[in-house]
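The chain that follows stands alone, in the form predicted alone, written as structure tokens.
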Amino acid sequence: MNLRSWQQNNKSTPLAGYNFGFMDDSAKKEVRRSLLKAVAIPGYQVPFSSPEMPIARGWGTGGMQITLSLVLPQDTLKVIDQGCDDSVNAVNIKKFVAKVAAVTSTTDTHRATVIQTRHRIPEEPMTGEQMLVLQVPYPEALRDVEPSELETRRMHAEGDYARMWLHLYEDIVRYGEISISYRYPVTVNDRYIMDPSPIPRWDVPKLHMSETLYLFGAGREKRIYAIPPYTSVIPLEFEDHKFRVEKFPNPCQRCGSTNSYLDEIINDVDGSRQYFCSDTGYCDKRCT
């Protein structure tokens, strides 16, 4: 089944007086040109003139600009926030895109052609007919080791990543392991060190040689970057301190999953710890 041609009957009508997808055509062209360059140079941060959106910068404007520049009337949209389909951020973005672009929405990963996400990658494997758009607050992977934007540009250009490796080594000396829990740095296409956005370590292996096109948008920082399908994405690690994903002591208490990323919930009554799937769409499907 061609997901891009899949449609539901309950389609909405775009708001009168607005351009399709809210953004004007010149702004869309700017984003698309930047996306083409980002796809051609995996992991490279492409600057673009981030236009104003009806929400404050830092609330997902970069991801929204990519989605609105690429979405078509026949697309099906899924929006998640830290894996949840029903959070305030996800619901409002979904409603906004539906109003200005007349696309249908879904909570089913397999039915979606465009998925916009904040801080998670869906648990269900995606296909080459889908695009995953990630909202990015801090696109610069070297920001923790170098505050100067000019210097980080030079470091990327020269492939000078010694300070990042030193940062990881100091982390091991201090904590006995690499303690980075999210925004784990990766090497893309054996060239650029990239920030995969604040996804947990659990999601990082999904980026490697994936069928899906990953697009990253940082509206406040005015940067776009991408991981094309079948691209090498390797997390930074040492021979004696390998990259590892999170482990959970118990399965999901709702669907029983043992192979998904779980959120830890502390019971206010007795202080017990409960675990539930972060990806609500995945959990709902397992429960049906």
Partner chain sequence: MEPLLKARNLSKIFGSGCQHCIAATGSEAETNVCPHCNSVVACNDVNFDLFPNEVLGIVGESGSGKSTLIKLTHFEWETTSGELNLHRSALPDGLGELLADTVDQYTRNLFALSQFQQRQIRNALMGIVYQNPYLGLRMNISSGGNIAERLLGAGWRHIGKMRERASELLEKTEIPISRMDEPPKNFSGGMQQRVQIAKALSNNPLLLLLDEVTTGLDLSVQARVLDLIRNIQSEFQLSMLVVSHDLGVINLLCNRTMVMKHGRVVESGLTDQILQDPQHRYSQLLVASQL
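Residue numbers count along the first chain shown, from 1. Everything quoted here is computed from the prediction, not taken from an experiment.
Another form exists, predicted in complex with the partner chain; not displayed. Remarks below refer to it.
Exactly one listed residue, out of E177, E211, D190, E158, brings a non-hydrogen atom to within 4.5 Å of the partner chain in the predicted complex: E158. A heavy atom within 4.5 Å of the partner chain in the predicted complex is found for one listed residue only; from F96, Y182, Y138, W165, this is W165.
Within 4.5 Å of any heavy atom of the partner chain in the predicted complex lies no heavy atom of E149. The closest heavy atom approach of E170 to the partner chain in the predicted complex falls within 4.5 Å. Interface residue remark: Y230 is not counted as part of the site for the partner chain in the predicted complex, having no heavy atom within 4.5 Å. Although the partner is absent from this view, R154 contacts the partner chain in the predicted complex, with a non-hydrogen atom inside 4.5 angstroms. Only one segment in the set 49-57, 31-39, 63-71, 237-245 has residues whose heavy atoms sit within 4.5 Å of the partner chain in the predicted complex; it is 237-245.
Along 260-286, a non-hydrogen atom within 4.5 Å of the partner chain in the predicted complex is carried by no residue at all.
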